[in-house]
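One chain is shown next in C-alpha cells, namely the form predicted on its own.
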Amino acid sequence: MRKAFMTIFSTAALLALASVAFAADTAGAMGAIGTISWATAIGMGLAAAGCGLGQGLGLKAACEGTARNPEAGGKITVTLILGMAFIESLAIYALVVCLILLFAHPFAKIITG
C-alpha cells in the first residue's frame, strides 16, 4: 500500500512540476536562467537530503554492528568510512552538475531558440 501511495504521489508531483517548467517565461535568456537557477537549487537540495539520509542509515548500521560484535569494530569502521566517502562523492557530483548548469548555461540557447 505504501509503495503504491509513493508511486502515485511522486507521479502527481512530477506532473505538477513539469507543467510549471513548461509554462516558464522563455521569451528571453533571463527566463531560462531563472528556471535553471531554481532547478539547480532544488536538485542540490534533493541530492544533499538523499546523501544525508544514506549517511545516517550507514552510521546507524555501523553502530548496531559494532554493538553486536565489538571485535569487528575495526573492519566495520574501515567499511563505514569508505561507504561515507562514496556517498559524499554523489553529493559532490550533484554539486558539479548544478554548478555547470548554473554558470555555463548549456540549455539557455536551446530554450530561448
Partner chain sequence: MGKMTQNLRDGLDRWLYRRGYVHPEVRELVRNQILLTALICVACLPFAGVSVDAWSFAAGTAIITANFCSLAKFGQRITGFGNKREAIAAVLARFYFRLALTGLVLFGLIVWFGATPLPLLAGIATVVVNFIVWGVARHAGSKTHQTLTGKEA
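Bear in mind that the values here come from a model prediction, so they are computed numbers and not experimental data. Positions refer to the first chain, counted from 1.
The same protein also has a form predicted together with the partner chain, omitted here; what follows describes it.
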- residue 103: heavy atom within 4.5 Å of the partner chain in the predicted bound form? yes
- Query: Looking in the predicted bound form, any heavy atom of residue 55 within 4.5 Å of the partner chain?
  - Reply: yes
- Query: If you check in the predicted bound form, is residue 96 within 4.5 Å of the partner chain, heavy atoms only?
  - Reply: yes
- Query: Can any non-hydrogen atom of residue 36 be found within 4.5 angstroms of the partner chain in the predicted bound form?
  - Reply: no
- Query: What residues in 60 to 97 sit within 4.5 Å of the partner chain in the predicted bound form, counting heavy atoms only?
  - Reply: 60, 62, 63, 64, 66, 74, 77, 78, 80, 81, 82, 84, 85, 86, 88, 89, 91, 92, 93, 95, 96
